[in-house]
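Starting off, we have a lone chain in the form predicted on its own, written out as structure tokens.
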């Protein structure tokens, strides 16, 4: 047990250090689930509307792939929305819970090694497995607390207690599995980005296996942690034995993490970094080229992911007229005055694509701070590279990269539309609609750079703003939020294409504000001390 010496102390330290971060994750997910569940009686007040919604999922493979197998959907009535709620929001909530768990574990394991803080901690009376065990325990506690809040939120709304407990437990099991997978991934690579990528790829594979298994009604779903949670069947004659599968998987993954941890040096990974070429090319001799090389993997991954998302959304939109025509609730959600139902749906989905792309844009801009914390910026700035040049190169990578990622989503959607309509112009119409939201993305990049320049410790505010945008733009209509709540979202002021009109004035104003924030942030970075 000496290998775990100091685990309790580290658990207490991690909880205190991340108390605000954990509160945002837990309360944000729990409130979102409760809010969406609360909207169902108003959104589907009658049995015909419920049946239309159920048929949309069951009769549309794309709908089944997006949500789930639809356990007990035939039992949904105005007095029993539970099965529909679980099916509709369960998969997406599972993604959020999995990401929360991955980020928690990577932050306290591989990230600590990457920055050198883990070596300082290990120099005290701390066992070699203490940090990994503490990180997994913190993630498990966060998931347990989230499960309790979700269950309470459902019970308060009148849903059965057993089904609510099963719903919360099912989501907690997903978080536990991916926390354990992240612990193992942290032993494999030498940097936090690589470990996070392994967790993200595993999550994407799990979602794909679940989707294919549900569409084909095959056993593929049993290869996915998301499929295991759905097998618990909340509000649908719950069965508890599937809980044993994620628990066993988590134990194996954590044990693997411990074994791998004993076979590597502190700061190293099981996969050694490839030696670089003896001589760098001309591009690597520039600050922009160096940052582009560091961002290459992330840019490629985000581009491919958003491209696939665009293709998938195109397939969904192809059936918009037939699927949504008889469902009044969705008319209010996606219809824009003067536009067809299909264009209204495309406008909504394109906005979702661009909001998702915020993840890359902000992450790329945040490299200005993460490289500083890791000590890499100091090494670069010790050469002839000025702070202005260094910060500008990272900013340009974020701007250009976000253009590439957003364009990929528009191209994916446009290719499907072009195939459906036989009209080549659809490709350029969808691409233009996606690119029109870039000023809103650049505004968030500008806010990030400005905070790094003056108050880098307040960077969490950017992600809080992103959470607000996601809430109002993706769930606002279903939650019945008042009109004034939308005005703070920059995506509300960019052109709502292809359904709306182009406003060059709005684009110009947002772009000017974004550029102003970027300039102010870079000037602030030039003036302040590093690590401040």
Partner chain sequence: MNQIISMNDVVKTYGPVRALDFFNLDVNEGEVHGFLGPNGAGKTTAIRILLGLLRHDSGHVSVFDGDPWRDAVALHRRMAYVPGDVSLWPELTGGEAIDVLGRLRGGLDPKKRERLCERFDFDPTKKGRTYSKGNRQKVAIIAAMSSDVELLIMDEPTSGLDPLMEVVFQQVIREEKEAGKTVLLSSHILYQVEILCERVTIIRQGHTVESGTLDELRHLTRTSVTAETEQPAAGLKEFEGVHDFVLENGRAQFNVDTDKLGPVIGEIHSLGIRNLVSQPPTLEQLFMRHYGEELTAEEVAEPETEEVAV
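The model shown is predicted, which means the values in this text are computed figures rather than measured ones. Numbering follows the first chain given and starts at 1. Between two forms, the rigid core is defined as the largest C-alpha subset superposing within 1.5 Å.
Here the subject shifts to the form predicted in complex with its partner chain, a form of this protein not shown in this document.
A.B. asks: I need the one stretch from 248 to 256, 349 to 357, 99 to 107, 383 to 391 whose residues put non-hydrogen atoms within 4.5 angstroms of its partner chain in the predicted bound form.
C.D. replies: That would be stretch 383 to 391.
A.B. asks: Quick one: of 284, 212, 144, 188, which gets a non-hydrogen atom within 4.5 angstroms of its partner chain in the predicted bound form?
C.D. replies: Checking each option against its partner chain in the predicted bound form, the one that comes within 4.5 Å is 284.
A.B. asks: Tell me, which of 231, 294, 416, 299 has a heavy atom within 4.5 angstroms of its partner chain in the predicted bound form?
C.D. replies: For this set of options, the contacting one is 294.
A.B. asks: Residue-level contact is defined here as any heavy atom of the residue lying within 4.5 Å of its partner chain in the predicted bound form; does residue 530 satisfy this criterion?
C.D. replies: Residue-level check for residue 530: yes, a contact with its partner chain.
A.B. asks: Does its partner chain get within 4.5 angstroms of any non-hydrogen atom of residue 378 in the predicted bound form?
C.D. replies: Yes, residue 378 sits close enough to its partner chain in the predicted bound form that at least one of its heavy atoms falls within 4.5 Å.
A.B. asks: Might residue 260 be said to contact its partner chain in the predicted bound form, defining contact as any heavy atom within 4.5 Å?
C.D. replies: No, residue 260 sits far enough from its partner chain in the predicted bound form that none of its heavy atoms falls within 4.5 Å.
A.B. asks: Please run the contact check for residue 77 against its partner chain in the predicted bound form: heavy atoms, 4.5 angstroms, yes or no?
C.D. replies: Contact check for residue 77: no, nothing within 4.5 Å of its partner chain in the predicted bound form.
A.B. asks: Contact check in the predicted bound form: 21, 31 and 160 versus its partner chain, with a cutoff of 4.5 Å between any heavy atoms. Do all three pass?
C.D. replies: No, the candidate spot makes no contact with its partner chain.
A.B. asks: Please say whether, between this form and the one not shown, the C-alpha of residue 382 moves by 2 Å or more once the core is aligned.
C.D. replies: Indeed, residue 382 is displaced by 2 Å or more.
A.B. asks: Rigid core fitted, then: does residue 15 show a CA shift of 2 angstroms or greater between this form and the one not shown?
C.D. replies: Stays below the 2 Å threshold, so no.
A.B. asks: Rigid core superposed, CA of residue 190 - does it shift 2 Å or more between this form and the one not shown?
C.D. replies: No, residue 190 moves less than 2 Å.
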